[in-house]
Ligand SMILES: NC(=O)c1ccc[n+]([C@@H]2O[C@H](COP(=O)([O-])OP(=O)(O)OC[C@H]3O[C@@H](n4cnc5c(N)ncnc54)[C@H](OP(=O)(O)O)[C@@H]3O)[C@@H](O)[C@H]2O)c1
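One chain comes next, on its own, written as C-alpha cells: the form predicted alone.
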C-alpha cells in the first residue's frame, strides 16, 4: 500500500525539497500552502505524477483553515503516514517598536499554534491505527536567544518543548513525534540574512537527511550534526561569555527592511 506524506509550507524551500524526497521514496503527497499556484508550477516542472499528489490551500495562521485542510486530506487521500508541520516564518523584531509586537504574535500563530493545529486532525486516527509520524520543524535557533531574533528563537524553542510533550503523550499509542532542528539551509527564508551562516546546506541535502531521520523514527535530530555540536557548545557558554560573543552580530531583517 502506498504511503502518504502531508507537508505544510510546500510551495518553496524546505517544504518543497521534502516533498520531492518523499515522492522519490514512493510516497503519495498531500501538499499544503497558501500559494497553491506555486505548488502546481513546481509539480509540473518536476514531472510529479498527477495521480500521486493533491494540493490543499490553507493558512496555518488560521486554526480552522489548517484543520479543514487536514480533514479534507483524510476524506480524499486517507490518514497520512507522515505529517510534517514545516510552515513557518522568520522575521526580526525590536520589542521597543509597537508594530513588532504584532510580528511576534503572528510568528507564534504560525510557528507554534499552526504546528499544533496541523497535527490535530490526524492524532485520533493515527492512535486508532496504532502508527504514524508527526514531524515538527524546529531550529538550532531554539538553543539560545540571539539579538534581534527574539520572535524566531522563542517560537522554535516552543516547537522543541511542545513536540517533546506530545511525544510523551502519544508514545503508548504507537505514534512517533520527530523533532528536526535544521541549521542554516539555503532557502528564500535565509537568503536575506545579514550574518555568516556556517555549515550552510542545500535544501535537497537537508531533505535527504531529514527523510532518513523521519524513517528511523528519531525523536530529535539536529541537521547537519556539526551545528548540533556548535549548539551544545553555545548552550554551555556562561551568559557573560555568550553575551559578549553575540554582541554586534548582524540582526535578522525586520518587516519592511
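Numbering follows the first chain given and starts at 1. Values in this document were obtained by computation on a predicted structure and should not be read as measured data.
One more form of this protein, predicted together with the named molecule, exists but is not displayed; see below.
In the model of the complex, at least one heavy atom of residue 156 sits within 4.5 Å of a heavy atom of the named molecule. When the named molecule is considered in the model of the complex, residue 80 lies well away from it, no heavy atom lying within 4.5 Å.
Residue 19 falls outside the set of residues with a heavy atom inside 4.5 Å of the named molecule in the model of the complex. Interface residue remark: residue 138 is counted as part of the site for the named molecule in the model of the complex, having a heavy atom within 4.5 Å. Put simply, of 72, 170, 103, 89 only one has a heavy atom within 4.5 Å of the named molecule in the model of the complex, and it is 89. None of 116, 110, 123, 160 but one reaches within 4.5 angstroms of the named molecule in the model of the complex through a heavy atom, and that residue is 110. Within 4.5 Å of the named molecule in the model of the complex, a heavy atom is found for every one of 14, 61 and 182. Only one segment in the set 52-60, 210-218, 23-31, 226-234 has any non-hydrogen atom within 4.5 angstroms of the named molecule in the model of the complex, and it is 52-60.
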